[in-house]
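Just so you know, structure 1 and structure 2 below are the same protein chain in two forms, each on its own as structure tokens.
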Structure 1
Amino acid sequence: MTNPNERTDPRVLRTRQFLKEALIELMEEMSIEKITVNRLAQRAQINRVTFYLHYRDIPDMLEKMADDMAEEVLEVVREDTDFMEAAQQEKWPMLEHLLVHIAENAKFYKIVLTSRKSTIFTDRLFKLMADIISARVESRVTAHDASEVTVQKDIAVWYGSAALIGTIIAWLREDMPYTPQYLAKQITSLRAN
């Protein structure tokens, strides 16, 4: 998993692959709290006990899968990151590459990123804010004068990351009504800070 030098036994890889596919399938069919090791092993066509040879429990397995995902995304993004440091470009191709990557693996990302668990509270607040901001955008006619306020860096990072991730999640929830290219352009123009 983390060390590709070891663990090359095809049986191990096969079993873990089966488990991952089964988990994704089940996450598509039911909310995570309903997924048991029983069901998972059944779906993966492996013995229940075998599961425990690989993962402590289901949360542990999710964590490992998240690690894998993070690694993959990093690879997609890394090249651009290097570029970024060299040239101070303003088009930020990384974003587009990221969105393309997500679109290519849309089935996976939609399931893992929009799976309802206890995102209930966050979701509720999110919807509330969406309504309010929507209304605000409607009634926005006046111009915004440049109020010179120094923005705390960490706040800007919070704001920017949440906006980016949240936009991607909403985009996936709606089954990607825009192309990655178009969305990237839109997001870039919103990041006007």
Structure 2
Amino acid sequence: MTNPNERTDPRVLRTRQFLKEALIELMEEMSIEKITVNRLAQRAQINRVTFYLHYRDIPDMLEKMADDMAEEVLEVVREDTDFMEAAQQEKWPMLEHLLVHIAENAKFYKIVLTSRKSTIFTDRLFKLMADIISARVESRVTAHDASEVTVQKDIAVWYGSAALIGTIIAWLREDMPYTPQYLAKQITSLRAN
């Protein structure tokens, strides 16, 4: 595990960004199985050996990119609001922050979340949303008499996570016809009904 106070060399960050951008471009053009380290290094305009200084192989790169995505999403939903408080309430600012972040990085999210061949990003986002929704369901169970709760917690979490991620993926596939703010309000309205 890395020390959070330790700064990463800007050249390392820049190279990883070049590789990420090159991978996204290649994923737009071809399936993930056809992407080779040689092709990726060439697109990123780096030496193949440089790739191996950062990643073991393309699946390792995807895994690390998924980890980075999860960390970024967590930072975004915690921004400007108390994470657990927002998760426990019917408020939509946390969802709005998430949707704004996705819209600002639409090219990346559209490629990685809609890819049928590489589900690592969707799976990671599903787990993250399940954790957030689970906290919300827990707070409802605590706030209400347990006998009033009629839906099993795991079923509520599965449903809420799948519905939210499915909506985000459809929104991306349709080139985001609604603003993040409007979509967040609509999703929140659906949950309240």
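Whichever C-alpha set is largest while still superposing within 1.5 Å between the two forms counts as the rigid core. All residue numbers here follow the sequence of structure 1, with the first residue given the number 1. Only a predicted model underlies this, so the values are computations on that prediction, with no experimental measurement involved.
- Of the two forms shown, the one predicted alone is structure 2, not structure 1.
- Annotation: Cα of residue 173 displaced by less than 2 Å between structure 1 and structure 2, core superposition.
- After superposing the rigid core, the C-alpha of residue 46 moves by 2 Å or more between structure 1 and structure 2.
- Aligning the rigid core leaves the CA of residue 13 displaced by 3.3 Å between structure 1 and structure 2.
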